[in-house]
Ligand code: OGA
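Okay, so here's just one chain, in structure tokens, the form predicted alone.
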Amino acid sequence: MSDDRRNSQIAATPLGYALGARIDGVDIRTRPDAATVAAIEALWHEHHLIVFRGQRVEPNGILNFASAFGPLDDHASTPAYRHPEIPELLQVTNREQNGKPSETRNTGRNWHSDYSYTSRPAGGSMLYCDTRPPVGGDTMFANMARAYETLSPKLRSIVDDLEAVYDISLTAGIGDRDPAKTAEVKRLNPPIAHPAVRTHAKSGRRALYVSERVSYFAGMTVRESRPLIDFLCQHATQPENVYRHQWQEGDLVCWDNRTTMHMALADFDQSEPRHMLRATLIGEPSGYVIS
């Protein structure tokens, strides 16, 4: 089949008002060619989040598909959470690891974008659902480009000049993890400042880059920063700006961390299994470490 014929079968069905689309006509078990990658990326930039449903794939297959979209992070900033055989895959699971509770069983419980506490935040994340609980385990996503665009012009001009200081210590639930592993993760990821508004390298969209893991704005005190951080997060996560994904086994959900943020909900029975694998596309260098 020709590339033109193959790509003409790719279709997007919107899943939410603010963001999100289901992509049909793509087999994620097969590494996509350049033309297919370009077609998928165009839809990804348009909808900020895309979903491939009902496709069972092994870990190496996830790696093969994801790597067609660019270099993958080896998750060296969070080494304790990696797949034991494939460092390019991060485990998000409540399965026991070496007879102990998983370090990622409660990950993502506040609004964030992936690896924002590093000098090279994630570009895209591709999370595959292997096993889900019978009820719940949803994830919410916010459109940060829309959040920025719906601020008043005056506030946009203020936020344009700010740098947000991200702190991994503000990751929800990090205090419940293994103290030695947590100390190492904090050592690897000191507080870092990023522009509070970022321009997407490919789409050119400007998006708010502030989350609940921001401790303050550079040049401002924590007390001065807190009301503005809270307002911006509340503004970004209004219902009309959010898509709530109800996972199905075999889902591959891909979101752009430069134009979205997300939160994993604890809305399920923790005794029920929830096992997912994430490939992370390396993003552009950004920010500087706060000494």
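All values derive from a computational prediction rather than experimental measurement. So that there is no doubt, residue numbering starts at 1 and follows the sequence shown.
The protein also exists as the form predicted in complex with N-oxalylglycine; that form is not presented, and the subsequent description refers to it.
With a 4.5 Å cutoff on heavy atoms, Leu228 does not count as touching N-oxalylglycine in the predicted bound form; it lies far away.
In the predicted bound form, at least one heavy atom of Gly108 sits within 4.5 Å of a heavy atom of N-oxalylglycine. Among residues of the shown chain, Ile168 is not one whose heavy atoms approach N-oxalylglycine to within 4.5 Å in the predicted bound form. Residue contact check for Cys233: none of its heavy atoms lie within 4.5 Å of N-oxalylglycine in the predicted bound form. Interface residue among Val57, Ala264, Ala39, Val51 relative to N-oxalylglycine in the predicted bound form, by the heavy atom within 4.5 Å criterion: Ala264.
Here is the short version: of Thr139, Thr118, Asn94, Thr78, the single residue with a heavy atom within 4.5 Å of N-oxalylglycine in the predicted bound form is Thr139.
For N-oxalylglycine in the predicted bound form, the listed stretch (100-108, 160-168, 199-207, 186-194) containing residues with heavy atoms inside 4.5 Å is 100-108. Proximity of Tyr17, His47 and Ala145 to N-oxalylglycine in the predicted bound form is absent: no residue of the three has a non-hydrogen atom within 4.5 angstroms. Taking N-oxalylglycine as it sits in the predicted bound form, the stretch 222-258 comes within 4.5 angstroms of it through a non-hydrogen atom at Trp247, Trp255.
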